[in-house]
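Below sits a lone chain in structure tokens, taken as the form predicted alone.
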């Protein structure tokens, strides 16, 4: 067992009586079982197939993994582009520091259930979501760690037919070095609709572990749009797992913009439980220096007549590393499935590296499925053409990179957020040029 894993076990033994809702018998039993499961296997390592490109255990040896302190006192929102990207949108804002909701500076919507995780755990719907297990055995261990140590997060419940009046923006601030384990629960009953933004940034912390699990459950014809921007500190480790269970004719759209942290891994698990549902799991990544970003996605077509689409665009500079691992599973009775996935990477440096592993696992015959991956450099002919029209080299490179990322941004169904993401990518490129100067 690594030192980091030992620290997690010791933390649980020390803090188990003070964790949120520790008085709930069912939760205490689940926490105990989850920690035993984690302790038996330890942190994922590169000998596991799903983790062969990402060494989480090694990264956590360099990060501070003791529990980040509970925030006390006032907090000011940093002037961060990952937050301001949604600044033009009229929205509800909920602020977390080290994973704990700050109700005094949050704007909670009325008429719906939006509460801290600890206030929701006595509800049956919240219990069901907390007990959600990921389909992938190799990812189950890190979600078990999250379950054992979770002490922050949010619970959102929309009743049948309720539509959130405006987007809900969750701002996650790392105020201190250390580990924050949070769990977000999102339940939309039949016909409910919501848009959720998320921003992950540092508010002074430099060396920390951000561990977040989000469990989503959509009722029949419910609709959820989820847009996330991760721009953590350069010394951070960011591990995010999202599970989504989709009932008949529901719609789920998820987009992740990855810019920050030393090592990040986004894991998404989508399961179709009802016919006629749609899932769109997309994202864009821009990394430089020695950053490492891993996108892992499994879409499980367990019923007929569902549609899924996955598109990730990755830009890598300097000695950064990108990873895409995606799998579409079509079960034997899931006829009329339409499942597609694509990963495209653009290398701006000969020292950058991209690892791509798209997979199809099909057990039905009446389906339309496709997958693919490309890795390349900037088109020299296109760059020469722009230069010949009087455009300087830096501007020409930015135009080509923006055009490359734009197809991913086009998958975002929210107009204002889409434009903000484009501006955010342009800021990343300008900052890269400034650092290279």
Partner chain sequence: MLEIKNLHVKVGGKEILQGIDLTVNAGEVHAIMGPNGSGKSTLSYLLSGREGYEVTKGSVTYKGQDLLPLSVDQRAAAGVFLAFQYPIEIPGVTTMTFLKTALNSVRKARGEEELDAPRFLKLVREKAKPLNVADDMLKRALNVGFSGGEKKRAEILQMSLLEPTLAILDETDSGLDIDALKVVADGVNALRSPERAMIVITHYQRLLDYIVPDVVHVLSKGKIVRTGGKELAGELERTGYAEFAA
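Numbering follows the first chain given and starts at 1. Keep in mind it's a predicted model, so treat the numbers as computed, not measured.
What follows is about the form predicted in complex with its partner chain, which we do not show.
- Remark: none of the three candidate residues (15, 25 and 30) comes within 4.5 Å of its partner chain in the predicted bound form, counting heavy atoms only.
- Annotated contact segment (heavy atom within 4.5 Å of its partner chain in the predicted bound form): 377-385, selected among 48-56, 61-69, 33-41, 377-385.
- With contact defined as any non-hydrogen atom lying within 4.5 angstroms of its partner chain in the predicted bound form, the stretch 275-304 contains no contacting residue.
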